[in-house]
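Okay, so we've got a single protein chain in two different forms coming up as structure tokens, structure 1 first and structure 2 after it.
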Structure 1
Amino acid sequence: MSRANGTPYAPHTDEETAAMLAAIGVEDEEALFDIPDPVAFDGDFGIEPRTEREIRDECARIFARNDDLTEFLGRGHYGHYVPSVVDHLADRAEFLTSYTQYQPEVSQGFLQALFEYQSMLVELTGLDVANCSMYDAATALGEAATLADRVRSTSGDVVLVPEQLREGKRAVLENYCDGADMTVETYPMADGTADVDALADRAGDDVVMLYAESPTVRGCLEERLAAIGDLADETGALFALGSDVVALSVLESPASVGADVVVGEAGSLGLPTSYGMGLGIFACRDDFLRQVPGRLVGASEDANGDRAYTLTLQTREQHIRKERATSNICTNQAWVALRAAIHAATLGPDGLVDLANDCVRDAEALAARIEGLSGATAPVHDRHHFREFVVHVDQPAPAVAEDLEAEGFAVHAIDDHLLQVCVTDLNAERTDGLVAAFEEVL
């Protein structure tokens, strides 16, 4: 077939194009688009040609205008040192240019890597099934809610979440629930973790899913997950646990506390902090195998009896089942999942545990140093913390955060007198400077 304009993506001849335009009553293809004149392309980009070196120099000048800040930010976005081997392997052409691995005969390497990623999540969560990634933690939580709506053993339509929940995550969840005629309600927190007694009073037959987090949005480790799991079991609600792929290496297994589904972020492995780009995890019990959103990679045998990998159970996706699909998730984060798997494999089990232990020790040590400063109390919550903690300052928190920024450090102001500080291996060597800056601005 001939190709108009020399492109394989518009394979129609001039005669075929003219016939289609005539059938719908327009003279040319531009009539199909309503493009405002100020942004319409007039045939000239107005960009002077420059050499590669000139462009690099210009980009360097632009980047030099960025503030030179050391970030002690967290609240769902975490950065750890990414070994160079992650870039070297993930940037191989067969990985970097791959789309969805629909053709197993040409995708065995990538499929095996994703199978390993799923296997790592199964090991970390103790659950039976993990998919090969979601967009981020927020969409994973939304998918858990709609899964609960499909498999619920109660007549309820309420999703219970902690009152302290990251705003963007809550908004995405509400968007998912609105389309499924569910409502989102909150339960109280006590000193940074769930108020289990108040939750027990609220739990009932109207609850379809109960969601808890460990670590919480304020970095606290939830100490009564088993009790929350028992409440969900008693009321027939699905128990969804939000966690972090690094934290899971040292925390109690979600399966052991009764979690039906585990969601969260894995982007802290394999990705720099991006404040937008993420990698959602989704693992669940075998009972929900045919309800899992996204894609699963399965291990099988080829015609010669050799081990082979393929995408499996795709019938739950919208491109096949349409209105009967369990999810409209389509393009997922397979390449990002690959990066997380490479990073985790590079660390190994012992290295991952060491990294997680540092997240506990470094947060505890930094909080103790800030606690020793006049005008500050840290941590606010009398809990064990992972990576981050809340600081109470006597002065207005937004003003303190602004002054710290002037000193070269970025922290979150989360209330009138509350700041949140996150420490990882990427900024741990700058804690002396942060403490000195706190002392200066307080």
Structure 2
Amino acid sequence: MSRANGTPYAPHTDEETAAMLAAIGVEDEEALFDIPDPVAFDGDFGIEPRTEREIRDECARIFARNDDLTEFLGRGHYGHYVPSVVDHLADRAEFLTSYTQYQPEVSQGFLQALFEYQSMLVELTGLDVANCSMYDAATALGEAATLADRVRSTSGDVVLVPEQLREGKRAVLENYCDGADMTVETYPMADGTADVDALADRAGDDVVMLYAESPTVRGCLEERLAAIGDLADETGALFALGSDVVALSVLESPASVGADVVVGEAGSLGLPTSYGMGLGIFACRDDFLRQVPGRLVGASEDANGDRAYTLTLQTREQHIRKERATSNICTNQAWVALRAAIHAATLGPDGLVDLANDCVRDAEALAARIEGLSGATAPVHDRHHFREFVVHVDQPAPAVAEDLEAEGFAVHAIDDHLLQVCVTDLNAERTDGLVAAFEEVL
């Protein structure tokens, strides 16, 4: 009758445990373990069990030690308001507590949701195929490079990326390239975007993949993507374009500028700012279908002739193809993709376009206000901006950032005298405060 398990999540009463042990024919649970003494462990980690209430209180106290700042931070991780319905629907246990859809007959719901997510990405990129998620933009970029390595016939091994690139993205890419004996090299930037002339000089047979992004890490929109696409095309390199799911709602379609692959971040929909947790986009042309990394959901039929969905082309994957798989990815970000899809559905195309347009307008407006302050120039780059822009400050940038933090605002210090500021719907109403704080500290 009584239950005295160590874990509160096992249901066994003492009687049940005894009956089960008897059925197996052993004395106690210890007898089931086949661990030789020298490597056995006594279970003493020194971790005191706590009640769920104690843990909620403990973690609330811990997280309260994060300062209460208004964040004007971006550079690859963006917060937009996530409608409440996203949480309520994605948190449904049938989604949240399910596994990868190995038995499609009892997984139609999640499969269809992922199929719809893929379809939204197909619309946003103009490409033929989108997988149902990578970890984040950085790992998606790495996977693009290994795909390029497999499909390109150039004599080279160079992945060419912008000189200005999110440091984390570059570092992840290096790790993927390392295993495939590729090297990462950079091309110069001019005023926040690619120096296309310099890039033309650099492009050549040794380049396996050419990567550009728009918006760039500095929030600038590339204006000559088609030219970059042409360069890639001419030299036989794969053209990988990096972007973001919100920006893709309004920017010229990647397909139309010749992108072979689109990578980037879709976690700006569906996720709050979550310390960098993301959702990697991976879309490409049909030609590379059987080289795509990650999971793909396809439409099929069931035995009744009704449309049904299933994971497909699994022979690309590690659990079938092992060391010849297109990627080692197994668990991906399916639930985050679900969240992004629900968020996108909630916004609809009107809402998405409005949100994207505000990313342009709000950045422009805030830059103009900061430009009006003495000791600051903004935007540094003479480009169109999306969400964020660079500010030149006469004083040392790290000190200014620190002073702003003391005033309750977080911005990036990206160079000795350069700050970067990101504005979205979440902080747009706090720009007065930021401008006032700038005035205070400059």
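All residue numbers here follow the sequence of structure 1, with the first residue given the number 1. Between two forms, the rigid core is defined as the largest C-alpha subset superposing within 1.5 Å. Given the structure is predicted, the values throughout are model-derived calculations rather than measurements.
**Q** Kindly point out the structure, among the two, that is the form predicted together with another copy of the chain.
**A** Number 2 is right.
**Q** Using the core for the fit, does the CA position of residue 66 change by 2 Å or more between structure 1 and structure 2?
**A** Where the cores coincide, residue 66 still shows a C-alpha shift between structure 1 and structure 2 that is 2 Å or more.
**Q** Taking the rigid core as reference, does residue 29 move its C-alpha 2 Å or further between structure 1 and structure 2?
**A** Moves: yes, 2 Å or greater.
**Q** Is residue 16 among the residues whose Cα moves by 2 Å or more between structure 1 and structure 2 after superposition of the rigid core?
**A** Yes, its C-alpha moves 2 Å or more.
**Q** Report, to one decimal in Å, how far the Cα of residue 54 moves between structure 1 and structure 2 once the rigid core is superposed.
**A** Shift of residue 54 at C-alpha, rigid core superposed: 5.9 Å.
**Q** For residue 41, what C-alpha shift in Å results between structure 1 and structure 2 following superposition on the rigid core?
**A** Taking the core as reference, the C-alpha of residue 41 is shifted 8.6 Å.
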